[in-house]
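Only one chain comes next, encoded as structure tokens, the form predicted alone.
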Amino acid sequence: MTSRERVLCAFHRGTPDRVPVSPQHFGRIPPDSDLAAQLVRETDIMLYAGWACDCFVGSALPRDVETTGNMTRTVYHTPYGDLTRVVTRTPVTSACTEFPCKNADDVLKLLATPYEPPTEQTVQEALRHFFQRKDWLGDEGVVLFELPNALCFPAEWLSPQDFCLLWADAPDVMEEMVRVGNERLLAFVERVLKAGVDMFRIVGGEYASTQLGPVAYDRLVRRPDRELVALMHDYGAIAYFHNHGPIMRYLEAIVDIGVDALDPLEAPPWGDCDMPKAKSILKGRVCIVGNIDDMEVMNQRSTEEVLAIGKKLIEEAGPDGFVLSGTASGTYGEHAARNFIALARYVRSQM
């Protein structure tokens, strides 16, 4: 099997010629380096490409953007008042330090603003990015189109505190924001499906599972994401689901959503995954992708320790419907990359 065939077989809950070993993207490895080329050559790498083109607010929302020093201020002009976002950068990272919506009234201002879908030009740019990366990788792995679910709409427009307070104080407004977001998201996804996108990585479930709880997960994730996944499946596309944090109590809901694969099912202390129990719940229904922590295990432990963890995971979660992978931190380094290569070599030696 090629790497692409191997991963797809696992995603479809089949048993490939060997368990795929799949780093998720290149982490901090320069993509044009010899080590990145070795990762592509020796593992079954998964890459992310494409973007959602601001599909939640579209192209009609007027805004002014000003950068001063290490801060970028964006003022969105709605018919009912301005909303302000501030992003602050450091030499290492950047973060939103002021969110546009502070309360339910601000959300209602945003939802009342006239909406136009993303322009054809921005959609084509995202598609070009996806297909160029897919053509570049070929059969050496898989490329997934990065996609937020509808819960990312409130999570991106309210601070974590105000996000939680909105659910506590005005759940009807939160549900309406997610409903509107999902409606717009579905229209965008159908556009890229018709253009030939065949695999999606859906993020956002953790905003409910780690911050809001099971009732919110049911209303804000399970219900809208079922529609999203059903649309993908109508076009024969793969729906791959990303959900950090404690996961065991949400596995049946994720099965009900209908996704093909799930990551990262983090082990304690970062999550609560009991892998044998998770496998018994997901077997034949959802492919397991994970769950060796990128930074604390792959990037810190010896190769011997990593191989021992990998062997145990293969016994517990494989060989069907399982991809041996990290935890999608996006920040692993050279030591972790070499451990991924060692895992791939071990798996090949067992054929």
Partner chain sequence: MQEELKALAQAILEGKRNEAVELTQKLVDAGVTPKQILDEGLIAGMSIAGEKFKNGEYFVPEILVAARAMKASMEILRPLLVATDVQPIGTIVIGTVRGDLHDIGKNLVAMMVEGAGFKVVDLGVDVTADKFIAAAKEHNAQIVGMSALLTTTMTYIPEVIKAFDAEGLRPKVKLIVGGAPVTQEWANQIGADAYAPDAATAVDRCKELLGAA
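Note that this is a predicted model, so its numbers are computed, not measured. Positions refer to the first chain, counted from 1.
Below, we refer to the form predicted in complex with the partner chain, which is not included among the displayed structures.
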Within 4.5 Å of the partner chain in the predicted complex by heavy atoms, the stretch out of 73 to 81, 165 to 173, 254 to 262, 133 to 141 is 165 to 173
Could you tell me if all three of Phe99, Thr122 and Arg184 have a heavy atom no more than 4.5 Å from the partner chain in the predicted complex?
-> no
Checked Ser59, Ser33, Thr303, Gln300 for heavy atoms within 4.5 Å of the partner chain in the predicted complex; positive is Gln300
Though the partner chain is not shown, can you say which of Pro117, Pro160, Gly245, Gly196 has a heavy atom within 4.5 Å of it in the predicted complex?
-> Pro160
Proximity of Tyr235 to the partner chain in the predicted complex, heavy atoms at 4.5 Å = no
Is there a non-hydrogen atom of Ala112 within 4.5 angstroms of a non-hydrogen atom of the partner chain in the predicted complex?
-> no
Consider Thr210 of the chain shown here, and say whether it contacts the partner chain in the predicted complex, taking contact as heavy atoms within 4.5 Å.
-> yes
Does Ala37 reach the partner chain in the predicted complex, with heavy atoms at most 4.5 Å apart?
-> no
Since the partner is left out here, which residues of 241 to 257 would have a heavy atom within 4.5 Å of the partner chain in the predicted complex?
-> Arg249, Tyr250
